[in-house]
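Okay, so here's just one chain, in structure tokens, the form predicted on its own.
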């Protein structure tokens, strides 16, 4: 039965009008350009990043004139010589790289059992509790969390007050290297759990049950079944934690008290305290190079993990 014009809904007429307008404004012959149109925002962001890196690279070959506080017009490698020869920058770089590696290992060790329990527990209430505890830190900024640790670990903080009750003298828990590493581990833990959860969820529980039925205890099941299958998640989480730890600024600045600076803090000092944009740009490029080298080395040895894009095989 044919519908009368009055029975045709108004919303359908609007949609037909919009469809006709799109067909007029974007003919079918332009359909091949749709993927590029969708990629345009990403290409724009990448292009701006490349332009910024090119400008930073240009400034890195210029030195600061202390009499005028202006960058020189001539190109030189003096900033790179300073970065590789001065002991201060070598100490900061070593501290940053070593700290990033330690934080990555400790974070993965702590995140794996947390994720496994969250994924495998049959208790819905416990799963919700673990998920809530996981996402709650994301509602609190990194700086706020760092200042929270100042209150907890300070000389008059909760920890030292509790130790004083049992006769222990106040301990210096802040403004040292372990404090910075502790803060970074606490900050990176949710990121690692989020990267590990999909990998562990993809492991069928039947495989663990089959291993146990063949006589394997939980240790052998974990080492020979769960751990190898969770390798992509471990690699992906390790890459994320490694890069974020290497480039972190807030935790070394707040919990380190200015005595445990990472590379990002040194870059900030050059740009905003000494106004030496040339040396700051040099350190920024070296940080990008070091991070890219580490990520490339990990990918070459272990693969990209869950960060890789692979087609589904049928």
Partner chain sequence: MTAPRSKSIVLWTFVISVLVLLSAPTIVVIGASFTSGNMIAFPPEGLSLKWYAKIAQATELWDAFLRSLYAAAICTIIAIPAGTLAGIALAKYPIRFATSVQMYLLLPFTIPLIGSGIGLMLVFGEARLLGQLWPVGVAVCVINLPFMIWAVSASAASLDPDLELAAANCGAPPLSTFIHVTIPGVMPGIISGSLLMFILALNEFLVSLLLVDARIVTLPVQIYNSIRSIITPDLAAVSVVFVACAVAAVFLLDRLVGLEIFLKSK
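Between two forms, the rigid core is the largest collection of C-alphas that superpose within 1.5 Å. Positions refer to the first chain, counted from 1. In this text, all values refer to a predicted model and were calculated from it rather than measured experimentally.
Absent from the display: the form predicted together with the partner chain. The rest refers to it.
The contact residue chosen from 77, 143, 105, 98 relative to the partner chain in the model of the complex is 143, the criterion being a non-hydrogen atom within 4.5 angstroms. Contact check for residue 113: a heavy atom falls within 4.5 Å of the partner chain in the model of the complex. Although the partner is absent here, residue 164 is not a contact residue: none of its heavy atoms lies within 4.5 angstroms of the partner chain in the model of the complex.
Although the partner is absent from this view, residue 83 stays clear of the partner chain in the model of the complex, with no non-hydrogen atom inside 4.5 angstroms. Proximity of residue 72 to the partner chain in the model of the complex: non-hydrogen atoms within 4.5 Å are absent; the residue sits far from the partner.
Contacts to the partner chain in the model of the complex (heavy atom within 4.5 Å) from stretch 107-126: 109, 110, 113, 114, 116, 117, 118, 119, 126.
When two forms of a protein are overlaid on their rigid core, residues whose CA moves 2 Å or more are considered shifted, and residue 47 is one of them between the shown form and the other one.
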